[in-house]
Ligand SMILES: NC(=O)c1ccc[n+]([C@@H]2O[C@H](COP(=O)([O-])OP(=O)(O)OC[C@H]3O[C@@H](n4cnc5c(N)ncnc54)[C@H](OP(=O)(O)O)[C@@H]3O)[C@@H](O)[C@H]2O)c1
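Okay, so here's just one chain, in structure tokens, the form predicted alone.
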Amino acid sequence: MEGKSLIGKTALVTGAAKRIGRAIALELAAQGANIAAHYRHSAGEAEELRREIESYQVNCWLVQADFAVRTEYESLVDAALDKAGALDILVNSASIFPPSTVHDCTWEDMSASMQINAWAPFYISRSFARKAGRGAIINLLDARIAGLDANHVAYLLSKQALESFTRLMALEFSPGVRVNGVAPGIILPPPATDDRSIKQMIPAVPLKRQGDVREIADAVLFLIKNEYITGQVVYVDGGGHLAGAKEHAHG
């Protein structure tokens, strides 16, 4: 993608060891960015990612934190800065995807999803804005935010909260820090499931196909490079949100 070069920039990517977070980290590295790669428990996958990123002749630092633990997400930006020295880009990709319905959702379900999927990215973004003072933040949302998902109530509400945080932060952190969101649709099957769940969803997508993690990474890259966009959410879902699709599979 043409435009602003990322050579010499440094990006903190949360949830970088797996799935969409991994694809984003690799794409930014391919564009010349150094990567501070956050992971929770996936130390082996994170180490494998580090080796692959370094094959692009850029630096990669691994930063571990469990977003269910307040002190760990609150110290993440400082930990990344201690290793990398500077940060220019933040990609909030880490999330949990637990099932919950209106009938069985508990306060514990809601609290966990809100903390990990909404509050932790907000807190990390606020720390980034205060300490970096300039740069770009991209929040990974979900195409579900345009509609309803009765099987993942706590998750849906947490991602809708992150969408609101995205717009609020875009206004409050300007002009130095731009904040945007990317809302993936049917990209990967949910963890511990197979592609059969994907095939069942495709008929509801106007473009009649599954997306690819590289298409999410491309959208993230576009929003990082275009310096006149802030407060926007880009749906990368084949038009699924327009058709009112209730189910998506994400990163």
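So that there is no doubt, residue numbering starts at 1 and follows the sequence shown. Here the structure is a predicted model, which is why all the values come from computation and not from measurement.
Keep in mind that the form predicted in complex with this ligand is not shown, yet the notes after this line are about it.
Think of it this way: in the predicted bound form, this ligand has a heavy atom of just one of 116, 146, 153, 84 within 4.5 Å, and the residue is 116. Taking the partner from the other structure, this ligand in the predicted bound form has no heavy atom within 4.5 Å of any heavy atom of residue 161.
Remark: residue 68 counts among the residues lining this ligand in the predicted bound form, judged by a heavy atom distance of 4.5 Å or less. Proximity of residue 226 to this ligand in the predicted bound form falls outside the 4.5 Å heavy atom cutoff.
Shown alone here, residue 31 lies farther than 4.5 Å from this ligand in the predicted bound form, counting heavy atoms only. Within 4.5 angstroms of this ligand in the predicted bound form, the stretch 29 to 50 places a non-hydrogen atom from each of 38, 39, 40, 41, 42, taken in sequence order.
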